[in-house]
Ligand SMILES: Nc1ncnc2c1ncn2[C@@H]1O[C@H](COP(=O)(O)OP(=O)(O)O)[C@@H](O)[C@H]1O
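Listed next as structure tokens is one chain, alone, in the form predicted on its own.
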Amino acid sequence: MSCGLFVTGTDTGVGKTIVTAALAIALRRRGLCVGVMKPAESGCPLEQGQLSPQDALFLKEMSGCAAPLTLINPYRLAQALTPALAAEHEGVVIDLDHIRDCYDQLAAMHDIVLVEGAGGLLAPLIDRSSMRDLAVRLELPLLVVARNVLGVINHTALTVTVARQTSAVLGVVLNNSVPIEQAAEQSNAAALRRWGGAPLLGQIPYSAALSRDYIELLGAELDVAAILQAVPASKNSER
């Protein structure tokens, strides 16, 4: 079993990158050397003649991961589509074995590696494999990020149920991507504890500005001890 964690979501745009960055910073504060990985990123803008993977670069900066970007982000794609479709349109062949090799190199350099998926759990990565299959290929347990909106109970329970068919699920993090105003948003955390299907390991408060200082504070909103205890690897003890 590899020493790492796969961060997935109930959908795209739910806050996976913010949660992964906050967790990386919190783990660093516990004395761990943290690696990050965004195996495939689509919707990358062209900067100075090269595709620039914004999520991967953000995770690299926030985590302090010194590994080459080619390991952190093996595949970058221009079109804002699910990776499988973007790769097909752009003539890119995504290889799970190559992703696994990059992950293994990161794992050899770090105490723990946080891998952020793209889109939701069943978002297609290649023709016959989804993000769930990638988590299985990397032998990683899952952390599910959910957006605090009406419908999140169903979305989360579905994701957890499907994830547990192939992988361990450590828990759920609820992200407030909009201000809490509606009754559903006010009650979703308690509802997920009852019906989400996995422990609620944190709730990220809403902020209009996601500065580095703010993201550093978000680690306090995550049950890092529970996450570390559940990650099945011997290297995750504090130094």
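Nothing here was measured: the structure is a model prediction, and the numbers come from that model. Sequential numbering from 1, following the sequence displayed.
Only in words, not in the display: the form predicted in complex with the named molecule, which the text now covers.
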Based on heavy atom distances of at most 4.5 Å to the named molecule in the model of the complex, which listed stretch, 201-209, 186-194, 62-70, 25-33, is the contact stretch? 201-209
Joint contact, S42, A84 and E88 to the named molecule in the model of the complex, by non-hydrogen atom at 4.5 Å: no
Answer yes if any heavy atom of V14 is within 4.5 Å of a heavy atom of the named molecule in the model of the complex; otherwise answer no. yes
Within 4.5 Å, heavy atoms only: does I227 come near the named molecule in the model of the complex? no
Does S177 make contact with the named molecule in the model of the complex, using a 4.5 Å heavy atom cut-off? yes
Only counting heavy atoms and a 4.5 Å limit, does any residue of 98-122 reach the named molecule in the model of the complex, and if so which ones? E116
